[in-house]
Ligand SMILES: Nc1ncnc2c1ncn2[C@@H]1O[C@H](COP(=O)(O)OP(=O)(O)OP(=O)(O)O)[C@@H](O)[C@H]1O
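Encoded as structure tokens, the following chain is the form predicted alone, with no partner shown.
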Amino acid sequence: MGRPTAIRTQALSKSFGDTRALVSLSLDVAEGEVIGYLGPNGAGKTTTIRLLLGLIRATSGRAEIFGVDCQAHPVEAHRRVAYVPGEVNLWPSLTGTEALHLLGRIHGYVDVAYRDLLIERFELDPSKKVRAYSKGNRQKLILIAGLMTRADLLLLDEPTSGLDPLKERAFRECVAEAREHGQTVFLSSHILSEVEALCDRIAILRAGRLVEVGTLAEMRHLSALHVEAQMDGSVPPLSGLPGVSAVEVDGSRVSCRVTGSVEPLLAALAGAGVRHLVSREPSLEELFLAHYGSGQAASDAA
């Protein structure tokens, strides 16, 4: 029997005038799962989160958090949720300590020991006023505010925006701790390495539509395997083999891409004598580019 569902959307759609920001999204996220929500700017990621938070009304469809309708019963639905936006406006005259205290009171629960650990981990000076914080420090503050609640569901919308690489590493540690704690994490991001490192499953959004969802292993079919081989002698003809493409020969070295079974390629290479062979699975970036191609959408995403 599968795990209970933390998020469920059914044919969820949102239009702004003639612009269809989200089109018939149907997605289930299990309790305790870390899911990456991928897409370039304008794909509909933030619209989805705003619908889950009840900040905007759906044009059609339904969204539930832990079985509660987000739009019909928003207060009940959001009791178990913490939200971290990528852009944040906080009270400039409050200190970091005061802002964390207020945000904790709004949520209703704070793990004080974990909050103090997070302040140390992210190297935040909570005695400073918010107006004195850089963008990165404001992002640290809102991250700490969300994580310190130990909420059952973390909705994270580009949460590492403005963080330096060391603090991005600290964030990844926090997501790993949330998973161990049994929390569900919905991570909207366009940082491919971040999603690849953290998530159990990946959902790819394109122009408001869900085009692929699955584990990274399940999505490897979206891009071909890369194979390089050093032959004992000359390279056998490979271009006509099923699934083999982009063959490049340099003396006794050959590289190519393989879609589907690698058996025909291996048989041809073995028959000619292989000295050394390396194969590499596609990265998440390559999987993503398989959907978006090499045009403007791909460059936005990368």
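A quick note: this is a predicted structure, and the numbers were derived from the prediction, not measured. One rule holds for the numbers: they count along the sequence shown, beginning at 1.
A second form of this protein, the form predicted in complex with the named molecule, is not displayed here; the remarks below concern that form.
Undergrad: May I ask you to check whether residue 158 falls inside a 4.5 Å heavy atom distance of the named molecule in the predicted complex?
TA: Flag for residue 158 set to yes.
Undergrad: Within a 4.5 Å heavy atom cut-off, is residue 32 in contact with the named molecule in the predicted complex?
TA: Looking in the predicted complex, residue contacts with the named molecule do not include residue 32, since no heavy atom lies within 4.5 Å.
Undergrad: How about residue 243: is it within 4.5 Å of the named molecule in the predicted complex, going by heavy atoms?
TA: No, residue 243 is distant from the partner.
Undergrad: When the contact criterion is heavy atoms within 4.5 Å, does residue 21 count as touching the named molecule in the predicted complex?
TA: Close contact exists here: in the predicted complex, residue 21 approaches the named molecule to within 4.5 Å, heavy atoms only.
Undergrad: Which of 62-70, 268-276, 255-263, 38-46 has heavy atoms within 4.5 Å of the named molecule in the predicted complex?
TA: The contacting stretch here is 38-46.
Undergrad: May I ask you to choose, among 190, 115, 78, 167, the residue with a heavy atom within 4.5 Å of the named molecule in the predicted complex?
TA: The residue in contact is 190.
Undergrad: Scan 70-85 and write down, in order along the chain, each residue with a heavy atom lying within 4.5 Å of the named molecule in the predicted complex.
TA: Counting only heavy atoms within 4.5 Å of the named molecule in the predicted complex, no residue of 70-85 makes contact.
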